[in-house]
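Given as structure tokens, the chain that follows is alone and in the form predicted on its own.
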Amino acid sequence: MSTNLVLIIALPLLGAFLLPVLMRSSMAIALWSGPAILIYGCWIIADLWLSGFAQPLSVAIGGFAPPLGINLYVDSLALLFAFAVQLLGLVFWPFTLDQESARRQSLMLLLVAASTGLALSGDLFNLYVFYELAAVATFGLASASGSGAAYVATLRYLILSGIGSVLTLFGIALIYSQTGTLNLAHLAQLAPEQLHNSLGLTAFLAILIGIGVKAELFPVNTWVPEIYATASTRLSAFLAGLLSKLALLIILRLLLLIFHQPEAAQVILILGILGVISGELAAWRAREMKRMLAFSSIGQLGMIFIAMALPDGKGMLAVLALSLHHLIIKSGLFMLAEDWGGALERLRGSAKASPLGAVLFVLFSLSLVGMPPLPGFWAKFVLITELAAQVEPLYLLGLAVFLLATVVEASYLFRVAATLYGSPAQDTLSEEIPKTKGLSLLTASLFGAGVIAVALLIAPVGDGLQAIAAQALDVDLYITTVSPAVSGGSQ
């Protein structure tokens, strides 16, 4: 079982380097080798889950037991996101037959391997390595279009991400200098005595800002609209839908296991509130589809940070529900933007030319603003309930900002819907009206079907998320799962 789990990281990583070689000998084999690797990864995870996976696993790589060796920690939360990485990598795979596609497909496999590693890693060193691998793959994919705007946006992203990497490494170095270990389970044991102080808080803030670059955290999210507007729509969907959630997962693990201090939660709450305000207001002012979705993503991530900041893990269920909901909705909306890019005004009358696309946009929008009985309503309801139960003014401010942001969100999304169903200008030819078509419409339809399926199965889905949240909150379970490896074995 442990060997199979390692394969879901190792195979995409190996494929990333072998794919260009295969492309030179057989284009057809190279084209399908990447999807085959991802399908196999999905099968491994699904087989583990269906075989009665209930208790977390600790895997010591190479026989070196934690805290000295490389450790993978696999619980329901990690497995859920690992499966999402493999599945969305397959959904957004660049199916083309040319030499340029070899580079894109290799980078996509590298991004999948790094993202899976981020979901499963149980030590800070591994997390940092996979974070950097994901960054390298993202830079290459973001500039793959070859346009000047893409190069400029990627350069700015590279600079900001580089600063984030230095801050993350600085935070990790502080932790190691204080504790002598980087294993998360070991740190969870040492943190109350050695890291719940000003030095530990400094380390957390450095890692928070560093990892926050990918989590679209205010104020290190200025790269988001530029990259999402210039990169391929499929990459934008992967970054907004999934990679940002993996960065959130890292921050969540650190908060739960190591830095469960009121000061850390307050910082996250304040930055989350600022992210919601800046993102939603910028989305309201945007006049291009991709930029609107990019700023909206910043606002949505801010809402998740507000949920994460709730004391004693009370926001864990809301974090999971909002994250998975945003993953589905934003992926679907970006796929619609593949054919509906550019100025929003040019979409006037597109509902008549693309009725299914317009219906999907309305469905995604209604769920995003929280219209019952769609999944977005239940995700937001959980957060509103927990925020309203708090007595501290800062949390009540977060609730007020959250509610006002929902109104702003409804305003700009319904404005776009009205444009889609509006009458085109008289001098506009029917062939000039943008239409959703082909693979992008099919992919968006799959996400739309997912929204409807979750709405119909909300009770079992909610129970499952509750169980995942409870397991993730159990710090003692995390420690006892990994601790047998410290004495020489692994599970």
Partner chain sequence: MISAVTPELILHITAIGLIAIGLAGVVLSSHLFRMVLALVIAEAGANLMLVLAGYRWDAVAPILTSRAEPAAMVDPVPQALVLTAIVIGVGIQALAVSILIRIRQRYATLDRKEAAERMDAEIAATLGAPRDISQEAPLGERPLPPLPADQINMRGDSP
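The structure displayed is predicted, hence computed values, not measured ones. Positions refer to the first chain, counted from 1.
A second form of this protein, the form predicted in complex with the partner chain, is not displayed here; the remarks below concern that form.
The partner chain in the model of the complex is approached by residue 154, whose closest heavy atom lies within 4.5 angstroms of it.
In the model of the complex, none of the heavy atoms of residue 403 sits within 4.5 Å of a heavy atom of the partner chain. Using a 4.5 angstroms threshold between heavy atoms, residue 146 counts as touching the partner chain in the model of the complex.
Interface membership of residue 312, defined by any non-hydrogen atom within 4.5 Å of the partner chain in the model of the complex, is ruled out.
Looking at the partner chain in the model of the complex, residues 136, 177 and 342 each place a heavy atom within 4.5 Å of it. Only one segment in the set 242-250, 381-389, 322-330, 158-166 has any non-hydrogen atom within 4.5 angstroms of the partner chain in the model of the complex, and it is 158-166. Interface residue among 238, 218, 395, 295, judged by heavy atoms within 4.5 Å of the partner chain in the model of the complex: 295.
The listed set 377, 170, 421, 93 contains one residue whose heavy atoms approach the partner chain in the model of the complex to within 4.5 Å, identified as 170. Residues of 221-243 that come within 4.5 Å of the partner chain in the model of the complex, judged by any heavy atom, are 226, 229, 230 in sequence order.
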